[in-house]
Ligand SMILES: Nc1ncnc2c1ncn2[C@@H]1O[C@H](COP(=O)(O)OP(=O)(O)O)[C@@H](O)[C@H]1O
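The form predicted on its own is given below as one chain in structure tokens.
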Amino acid sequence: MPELLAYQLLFVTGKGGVGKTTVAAAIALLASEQGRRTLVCEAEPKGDLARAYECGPTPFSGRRISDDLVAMSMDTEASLREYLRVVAKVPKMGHIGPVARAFDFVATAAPGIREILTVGKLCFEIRAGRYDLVVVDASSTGNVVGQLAAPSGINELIRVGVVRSQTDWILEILGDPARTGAVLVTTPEEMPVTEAVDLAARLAAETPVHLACVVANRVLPELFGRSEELVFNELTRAATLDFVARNLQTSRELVEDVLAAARLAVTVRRDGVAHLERLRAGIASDVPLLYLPYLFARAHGLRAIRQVAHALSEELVT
């Protein structure tokens, strides 16, 4: 299994709200800073990549973030237009009009057509050699399996012809564990871990893409140990609380609030550790589990992406 940044195509997925866009943007930034020509693609255009990099819109044609980093958002109509021009040799069109309407009809009748245009575009970038690495901010847990399984489904329906030849080389790229992998992002909480374990099993059973690694995001560091807990216990005595408040020239209530916050940090940390142990037990032992720390600061924007990229680089080294 190659190192994470040695892949050519990475699909970053996970339950909504766990930070998959942040992780995808950080992986792409880290790869580009190491001199790899990198494309990062938002599979479901919501403007999240633009907010992450604090740049303008990321169109289908791409926006250059740095010398070795380009960001784009998927557009199935634009992808269809490109497919018709490059593969079917149809002359360039401004708006594909009737073709697009026919495509919508076919896509409704044959599930997987839209997904094949998304996955096919990304695989095409790898095949054309334009980038060393394509990072995909992929669909969330509920949709990503259908997206990655679409080429296999189309292959079962269509046995011969141009479309079949296209899905053959797409599947060749997707199914190559030396080139393509999925990055599963989660947080040390009950539902995200449960969904991550379930998705890891579904990726293995229903798609050709193997699991490159699991990223546990927003892991709270151990702020207080057992010795500090003994101090908390002593400080919660009524006489001690009054003494501390008097010497700090503050209210007893404020001291109690600070102690309650410290105890909460201990509880959250311990609960998180239990969920991470369940996560480790629920995925294959040979799948790397990477940890990213909780950011006690602004959790979005380029500064946050750089912090996550730095933490990720340290995890990859260790």
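Numbering starts at 1 and follows the sequence shown. Computed from a prediction, not measured in an experiment: that's the story for all the values here.
Missing here is the form predicted together with this ligand; even so, the following discussion is about that form.
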Using a 4.5 Å heavy atom cut-off, which of 227 to 235, 141 to 149, 194 to 202, 214 to 222 contacts this ligand in the model of the complex? 214 to 222
Indicate whether this ligand has at least one heavy atom within 4.5 Å of a heavy atom of P293 in the model of the complex. yes
Quick check on L10: any heavy atom within 4.5 Å of this ligand in the model of the complex? no
In the model of the complex, which residues of 9 to 25 put a heavy atom within 4.5 Å of this ligand? K15, G16, G17, V18, G19, K20, T21, T22
